[in-house]
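What follows is one chain in structure tokens, specifically the form predicted on its own.
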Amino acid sequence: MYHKEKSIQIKSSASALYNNLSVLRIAPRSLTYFTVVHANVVNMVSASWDGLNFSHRQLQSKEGNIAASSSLIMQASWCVLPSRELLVLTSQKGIQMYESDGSIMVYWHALDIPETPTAQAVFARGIAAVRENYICVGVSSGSVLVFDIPSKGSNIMLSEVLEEHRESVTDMASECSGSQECIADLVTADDSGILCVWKSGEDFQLLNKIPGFDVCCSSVKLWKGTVVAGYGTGQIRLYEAVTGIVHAEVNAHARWIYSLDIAPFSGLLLSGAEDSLVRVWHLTLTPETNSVEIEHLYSECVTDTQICGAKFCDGDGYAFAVTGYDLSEIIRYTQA
């Protein structure tokens, strides 16, 4: 179904972090951007669609006005809003927002670091663009910070803090950015596996809290009102977002799932785990019965590699990319 393309070399290897790959497709310029986190650096690659041209940029962890910091970066992700695209970095010190090409930092938000060291580490992790003008970021305390993003400029405001999680936020996902009406448009996950489902707006509303069974939910996605969650057990669970009803539970991997992604136009689901396997699934929604089915389509073994990032490169799932711990390359696959 898929065949391997020529890999993209990166300047430094991928850290063992959940969801350690972000992809932004820029159709007008026939370019795809990739980011991979290594320690306190983000490796950013711009690749032309013909595979002939690559350009590299490295972004350093920063602290306000300090040029470079040794604080570890936890995640880098592009947030696509109707009026602009921003690259968001989260670290042990704070949150950085850049223009999409990484050229200009437009905003810095410092985390509250306790004066006396505590047993719990402080960091930000979990990033999602929501509706027309919000970017949400999770924090190790369990808080979710909601930023109001103007259509241009750096006048970004922290508009709300959501306090539902008691454990560190691991990941979050949104749906229906733009004008389409959705009941649930944000889901947040934490280290205990609890999922919170939200409706965005001037005041975000908690619609549902799905229990977690004390197993970490490392990656989560939202598709057509369905929450798709990947766990430390290697399982994938599909829930109806608003009611929390379980549609399906799949023993998808033998080890910890590190990354999930959905191609929204085709309903293809991508999963990558510590067991060296990347798997492609197909989700089918039946509106009459309000049910979702999942079918396994394809597996690829990346030998001796702990996979830590897996992303589709387009909305149809025609191609996907994979990163692995200690791997200094991005491996790409396209449909045959």
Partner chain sequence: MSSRTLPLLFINLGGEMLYILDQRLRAQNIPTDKAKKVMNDIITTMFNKKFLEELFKPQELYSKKALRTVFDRLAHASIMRLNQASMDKLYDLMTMAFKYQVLLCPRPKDLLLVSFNHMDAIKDFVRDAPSILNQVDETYRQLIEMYTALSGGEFQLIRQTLLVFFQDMHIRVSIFLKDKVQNSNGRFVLPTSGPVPCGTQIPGMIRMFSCTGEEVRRLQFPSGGGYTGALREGSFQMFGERVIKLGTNMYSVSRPVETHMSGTAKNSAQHRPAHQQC
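Here the structure is a predicted model, which means the values were calculated and not measured. Numbering follows the first chain given and starts at 1.
Keep in mind that the form predicted together with its partner chain is missing from the display, and what follows is about it.
For the candidate spot formed by 99, 173 and 208, no residue has a non-hydrogen atom within 4.5 angstroms of its partner chain in the model of the complex. Residue 253 belongs to the set of residues with a heavy atom inside 4.5 Å of its partner chain in the model of the complex. Its partner chain in the model of the complex is approached by residue 125, whose closest heavy atom lies within 4.5 angstroms of it. Proximity of residue 226 to its partner chain in the model of the complex: non-hydrogen atoms within 4.5 Å are absent; the residue sits far from the partner. Taking the partner from elsewhere, residue 305 is found to have a heavy atom lying within 4.5 Å of its partner chain in the model of the complex.
Contact annotation: of the candidates 216, 162, 111, 129, the single residue with a non-hydrogen atom within 4.5 angstroms of its partner chain in the model of the complex is 216. Here is the short version: of 158, 105, 242, 248, the single residue with a heavy atom within 4.5 Å of its partner chain in the model of the complex is 248. Counting a residue when any of its non-hydrogen atoms is within 4.5 Å of its partner chain in the model of the complex, the one hit in 18-36 is 18.
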